[in-house]
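Here you get one chain, nothing else, as structure tokens; it is the form predicted on its own.
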């Protein structure tokens, strides 16, 4: 993956500073026993200390508490866009390249409470280039609403980014070819919890052969991120009686995150 240019990084930093200024943040601490004032998207040093001359329009110091700015949401957005372009140009799986209309990259909030991971795009996702926009996505929206969540509060992605033909499951080689994209995306998005939807997602992410009905009800660890497993919305459309179990899983997840479920009818 190509590196982001210094000019683009500088632009993203300035955008982040401006967003901080507009939200009411006026000062950032500096390791040099002073502060940086945010003004019109630029960092200015605080008033002179011990006779130190005032300096304005200072470049951001390389080693200061503003280091966090370099890892801002804007930078992550830029890196995710580069990764999305890399996925769109991927030709590792010849069959999927021939049959796909669009690659389907993840969408949603960066650093969310929950990232939902599915198995693979379906026909609706392949058509629009977006995850969970078919009938299963509509059901997932209802589940989110019942939990007091909306799409822009979570992140969605799949184990692989291309639709397999004939509604088949992803092949092991396809999962392997897409693994790097999946892991880079999760590392950048950095959710508090990953919720695997269905056995395919759970088994491939956790590298296990245990089916989802046996994985439910407890958290697992994936590279320091907690993982909860439940049924895929498509499974609920085929077997509606599983909805009760999914709802128990979602209540468990929401409680674990310290959130409160909305009251019925609200």
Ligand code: URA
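It should be emphasised that the depicted structure is a prediction, and the values quoted were computed from it without experimental measurement. Residue numbers count along the first chain shown, from 1.
Not on display, but discussed next: the form predicted in complex with uracil.
Among residues of the shown chain, residue 155 is not one whose heavy atoms approach uracil to within 4.5 Å in the predicted complex. At a distance threshold of 4.5 angstroms between non-hydrogen atoms, residue 122 is in contact with uracil in the predicted complex. Within 4.5 Å of any heavy atom of uracil in the predicted complex lies no heavy atom of residue 174. Among residues of the shown chain, residue 118 is one whose heavy atoms approach uracil to within 4.5 Å in the predicted complex. Within 4.5 Å of uracil in the predicted complex, a heavy atom is found for every one of 132, 136 and 232. Here the chain stands alone, but in the predicted complex its contact with uracil, taken as any heavy atom within 4.5 Å, falls in 124 to 132 among 78 to 86, 124 to 132, 95 to 103, 177 to 185.
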